[in-house]
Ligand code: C2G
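One chain comes next, on its own, written out as structure tokens in the form predicted alone.
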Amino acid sequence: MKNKKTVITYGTYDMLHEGHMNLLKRAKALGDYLIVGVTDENYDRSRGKLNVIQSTKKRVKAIEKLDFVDKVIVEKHKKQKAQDMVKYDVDIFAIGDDWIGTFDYLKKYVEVKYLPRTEGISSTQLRRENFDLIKMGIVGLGRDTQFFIDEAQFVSNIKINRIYGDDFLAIKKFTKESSIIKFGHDNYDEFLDTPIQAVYIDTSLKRHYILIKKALQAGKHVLCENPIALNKKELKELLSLAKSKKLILLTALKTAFLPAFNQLLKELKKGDIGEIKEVRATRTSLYREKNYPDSFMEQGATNILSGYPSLLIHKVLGKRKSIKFFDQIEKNYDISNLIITTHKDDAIGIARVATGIKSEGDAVISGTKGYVYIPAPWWLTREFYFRFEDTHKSYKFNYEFEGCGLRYMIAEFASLIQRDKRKSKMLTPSDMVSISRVVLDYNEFKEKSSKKTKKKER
């Protein structure tokens, strides 16, 4: 017969404060044994909490130090609460009264208690008092600039109010029409000399190297669209410069920061589909139909799009052993490319990218016991399916997805700055090198092919 009353509660507990402590003590007073669920930062972001300062590990450690807390667990997904009630034979679920009614569905498992919050104190308030806003500038006036600015509004510790571009009249028009960006610059050195701490770069690919280099030299953190460089020497130089300056240089591949994508990687590590032997991912877009200029198309499908499938393949299969390209050329640039890589244990990566051909933008991760299917557009990961020979064993994951996905990337960038961290676990320098090398190797391959063609013509 059970002789102790178990209470469970959940929270983010960012910057553990008096309000948290009071709520936890009230919860413990309801029973004999208190279990505290600390939300994983990936789960927090999936439910719109983009401004958490402390890492999951640090928040867990802070709760573990409390002598009246008996057990600490990590909450990783929406359905976990009900599972935990059964698993830990819970009697009472306690939560703050700002959630009144939200968790009534758990009453079939436990008694639900809504506890009063401590007025006048919150994590949001403490963030405002202890952390300055990160001032950020935009470099480039591309078609996606407004999307980035709009998404950044959901990350409260970021403030964007400056933009740089070569075309003075275009910049002047943009700032006049924008309700957010008030300062425009057509001189890059002048722009970097303003009190901004970080820049987001979205320009033609060939300009990335010099713009990144100047920003790092000026002491600014950099978030730049992929690829950050078009040859190996430049890539190595930029990464070394960022390291020496103790600054963040992060590739803006938004897929890497999506909650569902990161959950997918965690689920794969459990080994449910056996040994992974193949990863296939497709990313195509008919930019001409979207009225993108020819100058954009001329950068080539591999340069523009290969970062996405390369990310998935590298994250799942690791370092590659060999690479082959099967491209289709039009007007001296590739409109499509089939990129095949080999990896450890004879695993194969198959990446298909195209700007002149349209294909289904899905992805499949094949293992010896089953496979994972990510429906199109897989790079905006919302859901994924684990499928097996016995269809009764199949299951799926479905995650909430806000906006166009950029806010999760911006939140990670801001978090790194505020935590004084140089590397993101979601996209490490090693990841960036591996992804960039596909572009670098292809450009070398194309150059060699061009020389061979010219030699034959002679």
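Keep in mind it's a predicted model, so treat the numbers as computed, not measured. Residue indices: 1-based, along the sequence shown.
The same protein also has a form predicted in complex with the ligand, omitted here; what follows describes it.
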Which one of these stretches, 407-415, 46-54, 388-396, 426-434, sits within 4.5 Å of the ligand in the model of the complex when only heavy atoms are counted?
46-54
Is Gly142 part of the interface with the ligand in the model of the complex - any heavy atom within 4.5 Å?
no
Partner proximity in the model of the complex: Asp104 to the ligand, non-hydrogen atom cutoff 4.5 Å
no
Look up in the model of the complex whether Asp98 has a non-hydrogen atom within 4.5 angstroms of the ligand, and give yes or no.
yes
Residue-level question: is Asn42 within 4.5 Å of the ligand in the model of the complex, judged on heavy atoms?
no
Which of these residues, Glu278, Asp91, Asp84, Glu75, gets a heavy atom within 4.5 Å of the ligand in the model of the complex?
Glu75
Which one, Thr118, Ser178, Gln153, Ser359, lies within 4.5 Å of the ligand in the model of the complex by heavy atoms?
Thr118
What residues, if any, in 23-38 have a non-hydrogen atom within 4.5 angstroms of the ligand in the model of the complex?
Leu23
